[in-house]
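Heads up, the chain below is alone and in the form predicted on its own; it's given as structure tokens.
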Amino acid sequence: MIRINNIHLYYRQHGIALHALRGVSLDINPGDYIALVGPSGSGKSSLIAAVTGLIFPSEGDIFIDRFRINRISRNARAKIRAKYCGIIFQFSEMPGRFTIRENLYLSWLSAHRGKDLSEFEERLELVCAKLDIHPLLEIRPGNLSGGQLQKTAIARAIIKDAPIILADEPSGDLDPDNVKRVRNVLQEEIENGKSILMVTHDAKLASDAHTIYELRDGQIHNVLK
């Protein structure tokens, strides 16, 4: 489903040349649950951004299904993200002018154009029950707490029912009860045949993954599980 083939990422920050990813290769197949752990600055979030097509590797290739996403147009990448990927960003990326319900609908619509609205309402009810976000639906993102935003960001990713979930610190702002809720949701997604590639500092969340890779200095340094 995803093939990451020997990718390197170079960029400059404050005039300093950085080598963020150094020859990372990884295959993610249907049903795989993979966690990336490691210190801040080790390249974990850069790897997620590269897989989504939001940044380009300087060398190497990334395939989603049969599409080499670093060699296609911006519009084509957007269509592939919409169809294949539910993305949980580390920080909320939801447009503030829309309510949470509207944001969730736009996410669902990107992958299900032409389908009946009743299908969205059915999926919405399921996702809201799993994440306990019914009271938040008519509120705009700017009026939510960090933990509430985190839950709605997870909802926006999974409501699409896409085959791949890419998660960057999905439990960052959550209390223990909600972390447990998110762990259950992600486990259910795996049981339904999804693939998950997740960046996390949460040891308990990482322990749910089938495989744990430790990244250091832009490389897969160790396989911890």
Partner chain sequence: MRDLIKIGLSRSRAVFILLGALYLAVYLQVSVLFFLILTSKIQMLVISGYTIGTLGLLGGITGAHFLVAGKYSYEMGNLETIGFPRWFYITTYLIQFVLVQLISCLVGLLCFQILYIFITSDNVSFSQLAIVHLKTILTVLPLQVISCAAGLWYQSRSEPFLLIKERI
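Quantities reported herein were computed from a predicted structural model and do not represent experimental measurements. Residue numbers count along the first chain shown, from 1.
The protein also exists as the form predicted together with its partner chain; that form is not presented, and the subsequent description refers to it.
Contact with its partner chain in the predicted bound form, defined as a heavy atom within 4.5 Å, is made by all three of Lys79, Ala82 and Lys160. This chain lacks the partner; the member of Ile55, Val185, Ile34, Val179 within 4.5 angstroms of its partner chain in the predicted bound form by a non-hydrogen atom is Ile55. The listed set Glu125, Asp132, Glu119, Glu93 contains one residue whose heavy atoms approach its partner chain in the predicted bound form to within 4.5 Å, identified as Glu93.
Looking at 25-33, 62-70, 160-168, 186-194, the stretch with residues near its partner chain in the predicted bound form, meaning non-hydrogen atoms within 4.5 angstroms, turns out to be 160-168. At a distance threshold of 4.5 angstroms between non-hydrogen atoms, Ser45 is in contact with its partner chain in the predicted bound form.
Although the partner is absent here, Ser107 is a contact residue: one of its heavy atoms lies within 4.5 angstroms of its partner chain in the predicted bound form.
In the predicted bound form, Leu144 stays away from its partner chain, with no heavy atom inside 4.5 Å.
Taking the partner from the other structure, its partner chain in the predicted bound form has no heavy atom within 4.5 Å of any heavy atom of Leu174.
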